[in-house]
Every structure is written in structure tokens, then in C-alpha cells.
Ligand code: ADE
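Only one chain is shown below, in C-alpha cells, and it's the form predicted alone.
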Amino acid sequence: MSDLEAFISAMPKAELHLHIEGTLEPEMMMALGHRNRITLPYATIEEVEAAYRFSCLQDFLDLYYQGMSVLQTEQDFFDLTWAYLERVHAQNVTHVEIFFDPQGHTERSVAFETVLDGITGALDRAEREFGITRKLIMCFLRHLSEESGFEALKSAVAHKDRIFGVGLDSSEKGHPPSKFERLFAEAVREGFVPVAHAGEEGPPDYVHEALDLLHIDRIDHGNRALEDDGLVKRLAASQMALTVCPLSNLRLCVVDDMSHHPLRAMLQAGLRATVNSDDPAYFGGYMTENYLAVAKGLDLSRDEIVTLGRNAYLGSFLDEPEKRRSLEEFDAFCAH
């Protein structure tokens, strides 16, 4: 292991873009399917792993929603979340901001509270046992109607003490942020912090819409913002964080090779880019693996890695005292 690889492995990390349903490893999918008597179209773990090879976002989403079918009970959601938290604790992740997709479960007649109780039960335990801080963000599925989103929002309003923000994910093409302008306005009125996936497969105009119509506080992905010089200058001036997901971009063919990833260009343009794992069970790696992949692919320096790591804490939704403490700990580690 090189000095830089060792540094990356040991470095404190914050993850800002993680879909908890995307941490469903093949072994857990099979185990939960057996536990809940769910018939899957796979006979072995090897067949599940083979299915985890796809060529575009829609191929992935088809498998992603199929995998969700094994998640039925509060214990299932607890086990899923706890497995992720144990894994990232071992990678020195100290803060997580987790997405969950309640519409993907309630449309299967799984109660909103079943999902929420399982996820937050694991998050509470990780805070007690590992000291991992967290924010929970409920995402609206953009391939569904805005009316469906309003139903999810109504459920979330009763749980403001546990749900920090709202996001927008799923199929980007053909589902612009403008489709959800009224929904996000209502969510903000209810006190939820807004974020949105924009500019992964969708054009720079989708990033503009997310900023100007949804009034988001953070951009999830944002790769294609680089195609618009004015947008780049705007994002650099505001220092709004971009939650970039390198291995996801590679596996979904957003980039054809990690050496072509735009992360370094983002840093050079003064953007507050961060590294995240997105759906790590499907994309081949959690936080450390994403840092290592982009460090190797782009030949990043230690200083560039430090900037990415620091950006994540700066771009997090930690309250100011917690953010200062986390940054002090991060800076102390990097000073060694």
C-alpha cells in the first residue's frame, strides 16, 4: 500500500450522497429474500452479482427497484442500515447524510413508519456506539407524479424530528426539476432542507432549474454543470457543494474511464466537489474505494485528496459547532 493509499484509508470522511437502498449487497438480498419468502429471479449469489453489471442508469434502476422487494419489515431496514454503518465505520467515516426512497416501499404496501423506524434505529445505534453523526434525507422519485410526492411529504411532516431534508432522485432524463416546483416549495415551507440530483444524465439546464425553481442547498452529482461556463462561475462563487460519485459515474457510463472523470476539473474551477459512494453495493465500492479509484485514475495529489475530504465537512449539514469540531479533527489528522 502506498503512502497516499494509507492516508486515504485512515482519513476521516463524511459521506453526503448515499442511497441506503443502494447498500443492499447480494448476500443480504438473498438472505432477506429467504427470510421474507420473496421469490427472486436468481438462484445464487453469483447470479445476483452477474445482474449487477449494467450499462446505463435505467438498467441499474430496474435492478434497484427489484432488489427493494426483499425489504419488508422494520428489522430488514435496520439490518440494511446497520450493515452499511458498520462498513463505513471501518473506513473512518464520521458523518453520513443518507437518502431513503419511501415511495419505493409504500407502493409495495410497506408502511412509511416501518421504513423510517428501521433506518433511524440503526442510525441511533451507530451514533451511540461509533459516534457517527447523521442527517436523513427523504427523496422523491422523479419518475412518479408530483401528486405521489405530495403523499410522501404528508407522511414526512409527522416525523420532522427525524427527517432533515428532501431530495430528488431516480430517472433524470425526461423528468426535469421544474416538474416538482410546487412540491419543493411546500417541503421548504414545512421546514425541510432541499437538495436534488441534477446534471448527472440531465443537461446543465436541469441544474439551473434545481437552483432557481427548487431553491436547493446542494447539488447531487452536477457533472454536466461543467458544460456551462456561467453556471460554473455561479457555483464557484456560492461554494455550494456538489456530491460527486466517481465509481457510480464509471459503472453507469457517465464517464468511460476514471482518467476522464471531471473531479479534478471541478477542483480547478473552484467548485466545492466532494467524493461519495451513491449506491455502493451496485457500483463496486464504498467511500475508501471511491477515493482510491479517483486518486489513481486522475493521479490526484495528497493536497487534492485533503481538499476533497475537507469539502465534504464544509458542504455537510452539520450544525456549526459540530462542523467546527469535525473540521478541527480532520485538520489535525491531515497535519500529521
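Only a predicted model underlies this, so the values are computations on that prediction, with no experimental measurement involved. A residue's number is simply how far along the shown sequence it sits, counting from 1.
Keep in mind that the form predicted in complex with the named molecule is not shown, yet the notes after this line are about it.
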Consider the chain as shown here, without its partner, and state which of 267, 293, 51, 61 has a heavy atom within 4.5 Å of the named molecule in the model of the complex.
61
Have a look at 170, 133, 72, 155 for me and say which one sits with a heavy atom within 4.5 Å of the named molecule in the model of the complex.
170
Counting only heavy atoms and a 4.5 Å cut-off, does the named molecule in the model of the complex sit next to every one of 57, 197 and 221?
yes
Within 4.5 Å, heavy atoms only, one stretch in 302 to 310, 39 to 47, 278 to 286, 23 to 31 touches the named molecule in the model of the complex. Which?
278 to 286
Are any of the heavy atoms in residue 252 no more than 4.5 Å from a heavy atom of the named molecule in the model of the complex?
yes
Hey, in the model of the complex, is residue 248 touching the named molecule, heavy atoms inside 4.5 Å?
yes
Please check if residue 13 has a heavy atom lying within 4.5 Å of any heavy atom of the named molecule in the model of the complex.
no
Residues of stretch 7 to 25 in contact with the named molecule in the model of the complex (4.5 Å, non-hydrogen atom):
19
